[in-house]
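For reference, the chain that follows is the form predicted on its own, supplied as structure tokens.
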């Protein structure tokens, strides 16, 4: 008899087409190598507010051309990281969603059955699209847990939700309580970062962020640890972790 095993999965809800790369590319690559099926939902392409380099190419540039370029970049990055990806194309600046979009995301939860979820910080005064994405991810999670939503379908459990690092964490009331060692997959993350040609000015910024979190992670495992942590990502959990021990 073959023992039945359930494939582990993860869901990433990204406001714009590059956010999942800067902020969670290491986690995606790491869990992909661990055998997880990681699925990314890009709510928008970031075509208005996060594609300045493309718009500066000339007055003949169109929104559809920008979207196509951003889609291509995101697909290439997801392939490198080992994730599947889909695009909701909700627009950005502002990002808005109606009830049907919320149900669409709840259906993704039902389909993916994620063991954990990654999304944006709860606050971000610099970019209102980011907490909007978080709110959608949170509300869709709740709907996907409800027995009365599409009765007869398998509901989801209670996957932990982790908020990845915003661009300016101090102003977003974001404080990491998880530091994830991504040293072994840093090369993949940086390759994915380099796919984001429309935002080349951020490549080295997010390299420095990963190095800083790596230093902090190394310190938090203690000086006696043999782990050679160089790069890390920070996450803030929304829900308490349930455990049988505190080790």
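Residue numbers count along the first chain shown, from 1. Just so we're clear, the structure is a prediction, and the values are computed from it rather than from any experiment.
If you look for the form predicted together with a further copy of the same chain, you will not find it shown, but the lines that follow are about it.
**OP:** Evaluate residue 48 for contact with a further copy of the same chain in the predicted bound form, applying a 4.5 angstroms cut-off between non-hydrogen atoms, and reply yes or no.
**Re:** Yes, contact at 4.5 Å.
Subject >> Interface membership of residue 31, a further copy of the same chain in the predicted bound form, 4.5 Å heavy atom rule >> reply: Heavy-atom contact with a further copy of the same chain at 4.5 Å: present for residue 31.
**OP:** Using a 4.5 Å heavy atom cut-off, state whether residue 115 contacts a further copy of the same chain in the predicted bound form.
**Re:** So residue 115 counts as contacting a further copy of the same chain.
Original post:
So, in the predicted bound form, is residue 104 in contact with a further copy of the same chain at a 4.5 angstroms heavy atom limit?
Top reply: No - in the predicted bound form, heavy atoms of residue 104 and a further copy of the same chain never come within 4.5 Å of each other.
Original post:
Listed by sequence position, which residues of 165 to 180 have a non-hydrogen atom within 4.5 angstroms of a further copy of the same chain in the predicted bound form?
Top reply: In sequence order, 167, 168, 169, 170, 171, 173, 174, 175, 176, 177, 178, 179, 180 come within 4.5 Å of the partner.
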